[in-house]
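Given next, in structure tokens, is a single chain: the form predicted on its own.
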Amino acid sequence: MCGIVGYVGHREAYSIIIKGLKRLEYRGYDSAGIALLNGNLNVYKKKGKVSDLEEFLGEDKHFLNSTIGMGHTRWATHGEPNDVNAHPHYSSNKDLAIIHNGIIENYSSLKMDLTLRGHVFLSDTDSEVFIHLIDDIRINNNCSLEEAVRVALSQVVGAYAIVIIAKDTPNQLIAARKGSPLVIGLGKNEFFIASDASPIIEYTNEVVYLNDQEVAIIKDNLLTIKNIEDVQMTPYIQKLELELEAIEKGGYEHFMLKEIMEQPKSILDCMRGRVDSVRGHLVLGGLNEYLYKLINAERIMIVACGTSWHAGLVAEYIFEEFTRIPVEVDYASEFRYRNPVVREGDVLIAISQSGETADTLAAIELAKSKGAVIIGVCNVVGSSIARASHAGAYLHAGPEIGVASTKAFTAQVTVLTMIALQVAHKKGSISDHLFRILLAEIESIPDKVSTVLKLNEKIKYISSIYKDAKNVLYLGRGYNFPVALEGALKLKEISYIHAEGYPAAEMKHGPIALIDKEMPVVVIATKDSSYEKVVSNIQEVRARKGQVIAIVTEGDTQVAKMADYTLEVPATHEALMPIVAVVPLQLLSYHISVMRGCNVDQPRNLAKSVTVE
């Protein structure tokens, strides 16, 4: 959600910033802009894509010799998407400019006070209020820009990642964050600033992740980090493991398809060095110190949003079956507002691909304040959730650029399954024999997903038949109920077809009224403990002339006789079937979206990482 790129050094800033903004397009946005300092402080911004900004600039390249600047892609919160509301925003005298991710909750009262003091605002954004406030403090207190920023940060309420550039300091950028990610790349006599590492890995692999309420001052080839109390901090420099090739499409038409096809590798990477079924070995090093807390927990709470919430639902089934510990799964956004009962010693597992989801971070802070142990499950090393957790496990799935999550879901389920099995084995709630069987089955999953991917052409054909559907139902039972939810979410996210997932038995409690000859019904009907009941549900759909697309276990002939189309997946333990069964649903959504002419990687109104409420 929103993207930031900044540069100061010896290279041409414009090309670095524009390329960086394109690398951040996956986050979702509706306008783009840049500020470049070259004698004058010039701001250029445009509603639409980065390509629209480039077209707007046209042949006007007088700014190409600028070596300092910043750029932004905006996802609208305050104020509609248009040229005026796009970032960067000037101060009143155009001596300063700001780019801002996040939301300033008290911007209205600040704007009122500033208006009374003579400030005139051109946009409807909270971000413009921010830069006017900083400028007002700087002028009235006759203080440095750095000090004005710190004072302003103490007055604003909300979340922010900001970068500020000033006309009178041609070699300085100031950045700060609270609740919204910001990373600083270190080069030789040059510095890069970005929302995440993807725009800067081409230039450096050394980065500093800013912590909440820290201010970074980049000036005269030096980086200084202070907190808002003006105490100097020692930056922790991390080495990036990300490779440039990982954020390129690699010959695929879309990032989403690339990431679907990468799943055999990403699942294997989740397990690498962690699982050895021959030796009965399962170790998640990031949990070692707090594993006893999980083993002795009386209750586990799971918080997440979107696809991660669906992974959490699968984890609920797995934890309760194997560890016999009660589990509650909450939307993070609901958890933080319903005054939940959290007791000291409870364990909260927070799941997030990006590690920056605002609601999940807020849920973590609430649970921590009440004495809960926080276990983070996320994909991005050094992310806010990783740093806020007591312990955790990274997915190691590689960057996920497509907005609709695919490989992150299968990686999350894989890691959560490993956590549950490690706890169950240490606790003694499963036998050593079953533990080894399940480890061997986990190790077989990448190959089984590879087998499913061979269904791609058949799924493409089925997609051509149902691409114009108005509504689709997804049904599953037990472990496959969350898969039905995830399949429905994928379809509506990227193809804009209304879809709903239900427990198959709940169909009779309302949704069955919708079924007619025009209604496609996708049923996850793999052979498990609920198989016979799901077969009965399929018969109920067929009796009402609904069209059935069934995901079945290889060799199943019973469902094949009832369904219009079947997609066979390899057999596995039912606890692991969600990882296998979700893949054809991902491909179905992908192909339908492409056939409908939708923007697969950047669906309308969506952002990859929701870093504001």
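Keep in mind it's a predicted model, so treat the numbers as computed, not measured. Numbering starts at 1 and follows the sequence shown.
The form predicted together with a small molecule is left out here; the points below concern that form.
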If we define contact as a non-hydrogen atom of the residue within 4.5 angstroms of the partner, is residue 405 a contact of the small molecule in the model of the complex?
yes
Partner contact for residue 493 in the model of the complex: the small molecule, 4.5 angstroms, heavy atom
yes
Would you check, heavy atoms only and a 4.5 Å threshold, whether residue 398 touches the small molecule in the model of the complex?
no
Taking heavy atoms only, is residue 446 within 4.5 angstroms of the small molecule in the model of the complex?
no
So the small molecule isn't shown here. In the model of the complex, which residue out of 305, 297, 217, 152 has a non-hydrogen atom within 4.5 Å of it?
305
To verify the annotation, which of these, 263, 101, 353, 384, has a non-hydrogen atom within 4.5 Å of the small molecule in the model of the complex?
353
Select, from the options 92-100, 172-180, 306-314, 192-200, the stretch whose residues sit within 4.5 angstroms of the small molecule in the model of the complex by heavy atom distance.
306-314
